[in-house]
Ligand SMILES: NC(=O)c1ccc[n+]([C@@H]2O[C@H](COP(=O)([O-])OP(=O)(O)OC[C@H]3O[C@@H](n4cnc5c(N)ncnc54)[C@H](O)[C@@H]3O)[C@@H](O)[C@H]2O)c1
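A single chain comes next, written as structure tokens; it is the form predicted on its own.
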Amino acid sequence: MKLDSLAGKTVVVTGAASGIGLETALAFAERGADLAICDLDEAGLAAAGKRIEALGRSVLTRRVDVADRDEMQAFADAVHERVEAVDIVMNNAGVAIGGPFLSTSLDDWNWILGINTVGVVHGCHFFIPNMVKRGKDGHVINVSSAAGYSASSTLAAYNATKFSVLGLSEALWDELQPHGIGVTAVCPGIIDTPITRNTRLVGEMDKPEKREEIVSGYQRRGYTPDRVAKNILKAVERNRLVAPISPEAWGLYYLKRFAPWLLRRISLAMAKRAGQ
């Protein structure tokens, strides 16, 4: 999909109040797109809306829990009152749990599955049919992770949700090709976003010093969300199905494909280091 000029196009981004969602929404606005954005963070969402408007673009902002079917339906209805169909939908909203399976409660599972997996399903369910019915090109962006193809015992629940997003994206790619709609599963690596500060830690991971270790590690890595946004736009333009972003994401991607045994050894070593 050509992104040189998105004037007259409408883009939906979930989880757009901060991090990757915010920076990608701004990147689309800079190319001329109008935006429809949602998040649970109302203050951040309002600030994001003002930044988009400052770029001369129109924007619909709404507080939405992507795990809630009715809220997503209402959001989609509001968007479709403005346009017949959106041109790009980016299912970005996500949360994380740090810790092993045996320390993860069913409440934890329901929370992360609702947002990371069902939230993506809702975004696809409520926006893709109109894109297909319109009969023009378009693109679906689902934010997975490098953790969507490389698993670790310290990220059991997060891995499960991000693997599911990658799998759904691959299936959608096949299904939507005849309709001229592209699909990209974005797979970032270690990116400095608010998700590290908001990650739900369980078991032996649930210690203040462990959180500080995670946050400071991501900060030292220094790979910022705006760099991710630039690479997302490149991936959409090239119609990439799987888009690893950051050197470590690419490294894990190739290890998974060509040396899975080595990747398993690395994962075991990292788990041991984390005290699992």
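Since we're looking at a predicted model, the values are computed, not measured. Sequential numbering from 1, following the sequence displayed.
Same protein, other form: the form predicted in complex with this ligand, not shown, and the subject of what follows.
- Think of it this way: in the predicted bound form, this ligand has a heavy atom of just one of 201, 172, 195, 166 within 4.5 Å, and the residue is 195.
- This chain lacks the partner; the member of 157, 93, 141, 181 within 4.5 angstroms of this ligand in the predicted bound form by a non-hydrogen atom is 93.
- Checking 204-212, 51-59, 235-243, 36-44 against this ligand in the predicted bound form, the stretch whose residues place heavy atoms within 4.5 Å of it is 36-44.
- Using a 4.5 angstroms limit between non-hydrogen atoms, residue 25 is distant from this ligand in the predicted bound form.
- Taking non-hydrogen atoms only, residue 267 never approaches this ligand to within 4.5 angstroms in the predicted bound form.
- Although the partner is absent from this view, residue 118 stays clear of this ligand in the predicted bound form, with no non-hydrogen atom inside 4.5 angstroms.
- Contact annotation: residue 190 falls within 4.5 Å of this ligand in the predicted bound form, judged by heavy atom distances.
- Annotated contacts: 17, 66 and 145 all touch this ligand in the predicted bound form [non-hydrogen atom within 4.5 angstroms].
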